[in-house]
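This document opens with one chain alone, in structure tokens, the form predicted alone.
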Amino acid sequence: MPLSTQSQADIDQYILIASLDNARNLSNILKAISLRDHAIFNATQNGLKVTVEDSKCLQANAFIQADIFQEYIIKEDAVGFQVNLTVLLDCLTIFGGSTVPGVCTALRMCYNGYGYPLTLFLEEGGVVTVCKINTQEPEEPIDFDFCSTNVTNKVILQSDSLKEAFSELDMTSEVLQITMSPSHPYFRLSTFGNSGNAHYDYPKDSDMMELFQCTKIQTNRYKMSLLKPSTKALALSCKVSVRTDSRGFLSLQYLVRNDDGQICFVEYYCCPDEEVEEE
């Protein structure tokens, strides 16, 4: 493969190198968090975490473990930078993002440190393209302080059932109301749109419900405009974990299998829109 012909001197200059035989395994997961133009990359020995934020109310994180990559070299404890996500996705799909079996775009992503561009070497069918994307100093992501000890309610669903719910609920609604309860209705999604009120209920013993852990009745509303981007991750995923904490903050964690069957995670954090009085 032409990418393998890079000299050792070329490789030694970088503090971060991440290579994939199939660039789609990165581009697909990044599309699932493409809310805004800029993304914060944080690389550690464990892999890459990519964060995108919107209006200090919504945060999307993609986690790509180190073992997903065919080559992953990091020479510092942590490497961080910010790039234009739209430009990065355009570069990753520069060969058209072919879905033809056996035809893949190989990727080597390299970073030389503060002030240097993110360099992508992309190869398909013997043709190599080099893209250099300007980087910025990363902003500090918002700490949503969402920790497992404060989680009051949690369900794990098969993604198909949530896709079905979103197809039936009224997306003209300004908010999505989520009710979680130890007793009926257990887990309910509600909208209040142009065609009236709509509810979608999941019994706790439903085949689509893999886990049901509710300690208290909780009803919260979230802006639909903030949640809509998460449907990109939902479309790719096979399972989704829905958690709320004592403040009503929402965590949606999607389990995504890539083209090679490996598992990555996408997580969305969302602030509640308003308090809803319990009936």
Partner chain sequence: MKFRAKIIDVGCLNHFTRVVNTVSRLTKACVLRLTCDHLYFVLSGRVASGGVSMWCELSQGNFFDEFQLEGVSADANEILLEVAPENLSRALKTAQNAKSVKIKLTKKSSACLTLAAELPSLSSVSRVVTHDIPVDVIPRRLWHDFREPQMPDFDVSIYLPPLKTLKSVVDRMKNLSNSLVLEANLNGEMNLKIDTDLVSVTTHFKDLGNPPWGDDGSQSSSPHRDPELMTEVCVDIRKLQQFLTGQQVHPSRAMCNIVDRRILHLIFLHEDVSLQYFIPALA
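Keep in mind the model is a prediction, meaning the values are calculated, not measured. Residue numbers count along the first chain shown, from 1.
Form predicted together with the partner chain: not shown, discussed below.
Among 84-92, 143-151, 181-189, 105-113, the region lying within 4.5 Å of the partner chain in the model of the complex by heavy atom distance: Selected stretch: 84-92.
Residue among 172, 134, 206, 161 with a heavy atom within 4.5 Å of the partner chain in the model of the complex: None of the others qualify; the residue that does is 134.
4.5 Å heavy atom contact, residue 73 to the partner chain in the model of the complex: Close contact is absent here: in the model of the complex, residue 73 is far from the partner chain, nothing within 4.5 Å, heavy atoms only.
4.5 Å heavy atom contact, residue 196 and the partner chain in the model of the complex: No.
Close approach of residue 78 to the partner chain in the model of the complex, 4.5 Å, heavy atom: Taking the distances in the model of the complex, the answer for residue 78 is no, it never comes within 4.5 Å of the partner chain.
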